[in-house]
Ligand SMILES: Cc1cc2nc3c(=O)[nH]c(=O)nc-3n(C[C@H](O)[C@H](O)[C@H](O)COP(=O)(O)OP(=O)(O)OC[C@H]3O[C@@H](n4cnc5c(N)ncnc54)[C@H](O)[C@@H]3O)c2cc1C
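Given as structure tokens, the chain that follows is alone and in the form predicted on its own.
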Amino acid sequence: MKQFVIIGNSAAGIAAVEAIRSKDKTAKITIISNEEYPVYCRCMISYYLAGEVKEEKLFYRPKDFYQKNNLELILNKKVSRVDPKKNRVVCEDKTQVGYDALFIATGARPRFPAIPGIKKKGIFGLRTLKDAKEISSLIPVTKSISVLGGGLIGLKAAYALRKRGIEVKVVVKSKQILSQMLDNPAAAFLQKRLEDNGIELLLGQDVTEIIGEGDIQAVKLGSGKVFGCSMVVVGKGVEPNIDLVKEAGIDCKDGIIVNNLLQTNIPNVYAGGDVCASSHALWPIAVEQGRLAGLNMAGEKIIYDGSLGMNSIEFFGLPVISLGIYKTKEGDAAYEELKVCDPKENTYKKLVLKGNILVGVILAGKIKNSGVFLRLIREKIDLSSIKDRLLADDFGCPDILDLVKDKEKVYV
């Protein structure tokens, strides 16, 4: 009987398990997680923190999922190292688990800046359900919070805490929020919506010190300005959880390096999700990588074609989505940008084309056709015949019917 070991119990890990089971009903599958919960949706923990989603709604597989699929689930146990020479993993408590094939889906952890006071009590990331619960438990005794970082994690935390009635200041090193997701006009739309709902954004600044004797009392900016707060949430990016492979001979560079089969340089060791180098750190991408890795572990040879950057968010009723290449260098003749902006309606649409092929999109306010644009990007369809329709309000599925390969799935 084959023995598969999955390290990680989230998007990539669960997708790998389900893929393996679709091909092999009898193999032994062991899932090891350093968390205490069965699989839950990390994307939703900020909404749980905001009080908009109940805890039970976070769990996206039924309670008997592990039993029905004949899985051994080991929670609250951290793998300290991988030993490829002996085909085993070794946990911190010295427990050893052998494998025929291993999938590493350990994800990533918050990156904390190296500044004075960063290790004080009351400083959190927002990556796990445990983080959200610990933050939530302190809200009754918290008046003001500082969020470090204006990316997705930072703004999700700010939104959640503002919805709970907390005074929130967000310190953003960049000159705009969501600089890795949006261009300036779209970011400005979202910035105004956040500010209109009571979130203070301090752009082009950074925190240089967290002040307090014991408890947090204030944060200090590079400008010398100091303002009070009693909690800090850090949302300044993540770093992959690769400590367990550092002495295993597995190639890493800002994450685990894999080939187009999701294999590492050791053929029976696979990796996927946020732990991988150059990962987009997105849930759908982690799921796809996990699924393909699982199939390949079970004997298939399916090529992973790479991922397309995709991000979507909604704050205070304003949805925003970006797909593919959303920014181009000024004066780069290889790209063409089509834009329409309506500040009164809070809508913005930007399309980026290269040789009449759609390569990127930003939508703010109205995002109903995002699926259509995503398909056009993925299928690399020549849009010269419908170029004049792309910015139209009523552009949609009927416009692309004659261009796509599988016409029966246009409306799906």
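The first residue of the shown sequence is 1; numbering continues from there. Quick caveat: nothing in here was measured; it's all calculated off a predicted structure.
Missing here is the form predicted in complex with the named molecule; even so, the following discussion is about that form.
Stretch-level contact check against the named molecule in the predicted bound form with heavy atoms at 4.5 Å: of 101 to 109, 187 to 195, 158 to 166, 291 to 299, the positive one is 101 to 109. In the predicted bound form, none of the heavy atoms of A16 sits within 4.5 Å of a heavy atom of the named molecule. A286 belongs to the set of residues with a heavy atom inside 4.5 Å of the named molecule in the predicted bound form. For E379, no non-hydrogen atom is located within 4.5 Å of the named molecule in the predicted bound form, even though that partner is not displayed. When the named molecule is considered in the predicted bound form, V79 lines it closely, a heavy atom lying within 4.5 Å. Proximity to the named molecule in the predicted bound form, defined as a heavy atom within 4.5 Å, singles out one entry of T264, Q176, N311, T142, which is N311. Only one of the listed residues (I153, C229, I210, I199) places a non-hydrogen atom within 4.5 angstroms of the named molecule in the predicted bound form, and that residue is I153. Scanning 16 to 38 for heavy atoms within 4.5 Å of the named molecule in the predicted bound form gives I32, S33, N34, E35 in sequence order.
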